[in-house]
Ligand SMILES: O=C(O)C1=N[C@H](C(=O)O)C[C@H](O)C1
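Here you get one chain, nothing else, as structure tokens; it is the form predicted on its own.
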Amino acid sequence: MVKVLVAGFKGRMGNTTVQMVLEHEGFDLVGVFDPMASEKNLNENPAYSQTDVPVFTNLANIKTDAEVWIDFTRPTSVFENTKFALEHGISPVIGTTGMTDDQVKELQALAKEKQVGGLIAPNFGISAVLLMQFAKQAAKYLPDVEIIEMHHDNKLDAPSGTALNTAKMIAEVRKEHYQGNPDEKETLPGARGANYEGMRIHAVRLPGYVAHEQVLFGGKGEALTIRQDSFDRISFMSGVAVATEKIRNYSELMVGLENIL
């Protein structure tokens, strides 16, 4: 049994994760964490009345024998959460996006020092991982590319971690390239989206959406569109479960679910 603590359990992704952990025969939920919680025990929530699990609201007060820390919190707190987990020998499985490259490098150095395995995944959906892999392959032959990501209107960061990671993976194989009209002018600032190494990224935020991404490639006389859709948060749970099962076999902090598949 893998002993698991879920951070951000009051949120929609965190709540879905708690349900997955409770239903998984190989996992043991030993704690939940959320600064917004008013409960002392998860059984105070009617949905979990039969579940005796302590609720923590402050990092300093956490006392746990958890082996894996699953985090779906906020961009403003995920760095400190991950650092706490690593310092206490708990393998972090991070689904919260928004950390800077420098923060990730600092955490990777800490994981190496502590010899603790961990994973930061911009997206736990298998279809999203495949989209990024396919896009990376396509970019070798079609360097003119734009990315459109579409999420629910409560998402805090833009662009999404998945879109940004897609652009980074494409940049690994895409030669330096200027696309579009060099004389173009935005009559409305921001109309062309964010610029990442010459690629444009567009972020859509609308109610009714969950998580969706399109990578558009254009060539002379042809076009290629790769699209991925997550219609329900349960779609991410298979990836979270795989990471939770495997992450203790590693001794470094990796970025991307593809590293353990």
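Quick caveat: nothing in here was measured; it's all calculated off a predicted structure. When you see a residue number, it is the position in the sequence shown, counting from 1.
We do not show the form predicted in complex with this ligand, though everything after this point is about it.
Checked against this ligand in the predicted bound form, the candidates L42, A211, A66, M199 yield a single residue with a heavy atom inside 4.5 Å, and that residue is A211. Checking K112, H152, H177, K140 for any heavy atom within 4.5 Å of this ligand in the predicted bound form turns up a single hit: H152. Per the 4.5 Å heavy atom criterion, this ligand in the predicted bound form is contacted by stretch 115 to 123, the sole one of 100 to 108, 179 to 187, 83 to 91, 115 to 123. Remark: D144 does not count among the residues lining this ligand in the predicted bound form, judged by a heavy atom distance of 4.5 Å or less.
Using a 4.5 angstroms threshold between heavy atoms, Y48 stays clear of this ligand in the predicted bound form. This ligand in the predicted bound form is not approached by F27, whose heavy atoms all lie more than 4.5 angstroms from it. Along 229 to 261, one residue reaches a heavy atom to within 4.5 Å of this ligand in the predicted bound form: F236.
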